[in-house]
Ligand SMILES: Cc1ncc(COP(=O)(O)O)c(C=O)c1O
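Just one chain is shown here, as structure tokens, and it is the form predicted on its own.
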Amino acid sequence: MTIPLSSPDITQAEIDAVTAVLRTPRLSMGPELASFEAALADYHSVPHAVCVSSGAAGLHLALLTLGIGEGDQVIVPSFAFIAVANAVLQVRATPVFAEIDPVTLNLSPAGVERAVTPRTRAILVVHTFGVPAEMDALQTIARRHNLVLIEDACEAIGAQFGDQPDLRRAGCFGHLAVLGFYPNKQLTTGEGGAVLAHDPAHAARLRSLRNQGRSQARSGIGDWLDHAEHGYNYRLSELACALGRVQLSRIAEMLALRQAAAERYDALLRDRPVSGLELPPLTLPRRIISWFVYVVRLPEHVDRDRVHAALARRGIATGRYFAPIHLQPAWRRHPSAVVATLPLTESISRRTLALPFFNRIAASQQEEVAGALRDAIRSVI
């Protein structure tokens, strides 16, 4: 594609940090891991951060660490990346799909309340597209029903929610929170993720589970083959951690570039508006958005797939974010999907289209995208 959907922002500082690791004998579980975890914890004002191989791995370990398993129900959005439901299935629990808010596209507190049953054990809330969810209302629901609250902040590093002086970053509110560092994210380690924890016991369990169930308390020769429980190989390499550490040191700059790119799209698309085209809000009450993607809603009755294809023919990549999980081929016959009644999710998802969006996107590229989007919409009406 001439204009890609996303592109990582790698500078010489990241290259130098990764190269320095290659000159050492320690390529896993070394000082870069410790440094990156400490920096993540400090940035989010939480005591512990545990790096893992992906955001999906983090979701799996978070559910295991909090004791979610067979017979339990976990409330999740269907308008989200499929990993949130897959992770629930991995621990043999049952996802219950709840409705979303029409503005933020996050779980609706009212929808969550309706989804609670005697079997509900957890709410897995996603900060969709970097927009913080209504965390105070969701915390209240969780406390009232004695539920575990897990944040999926894989799309939302740096986002903030609340009122001054209690404005806090996404990832601070739940019992555990998961970050993702795939190359399309605001911060990347190539592949990777992390779990943020308040409780030292949770952090210790996460560290054990990500490292094949090895006990963190043991020391001495032979410990590498001593396993306290069944675990997984969800470690994150020193190379990835070095990359992430430098990326995190640049996070304010990178988020500012993304904010500026979102503002340029907003100006371009409002300057010559297309009837029925809805733009994402630049600001929302009590929220600071961390711009992961720039997603528009196409006019009603416009075939999104035809617009997607028309832009592709012009060399412009777009993303159909998100196909509802409960309608995906892998899920639509699952009992949770069969009983899901989510008219708002289904209506909105048919219209959403992510435009090319990344730190260094040029204003000229955005102008080309805006013009091509107008042309594509008009050509399919």
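Numbering starts at 1 and follows the sequence shown. Remember, predicted model here, so these are calculated numbers, not experimental data.
FYI, the form predicted together with this ligand isn't displayed, but the following is about it.
Q: Suppose contact means a heavy atom within 4.5 Å; in the predicted bound form, does that hold for all of 56, 182 and 192 with this ligand?
A: Yes: 56, 182 and 192 each sit within 4.5 Å of this ligand in the predicted bound form.
Q: Quick check on residue 84: any heavy atom within 4.5 Å of this ligand in the predicted bound form?
A: Residue 84: contacts this ligand in the predicted bound form.
Q: Examine residue 154 and determine whether its closest non-hydrogen atom to this ligand in the predicted bound form is within 4.5 angstroms.
A: Flag for residue 154 set to yes.
Q: Is residue 126 close enough to this ligand in the predicted bound form to count, meaning some heavy atom within 4.5 Å?
A: Because a heavy atom of residue 126 falls inside 4.5 Å of this ligand in the predicted bound form, the answer is yes.
Q: Only one of these stretches, 146 to 154, 227 to 235, 271 to 279, 203 to 211, has heavy atoms within 4.5 Å of this ligand in the predicted bound form; which one is it?
A: Residues of 146 to 154 come within 4.5 Å of the partner.
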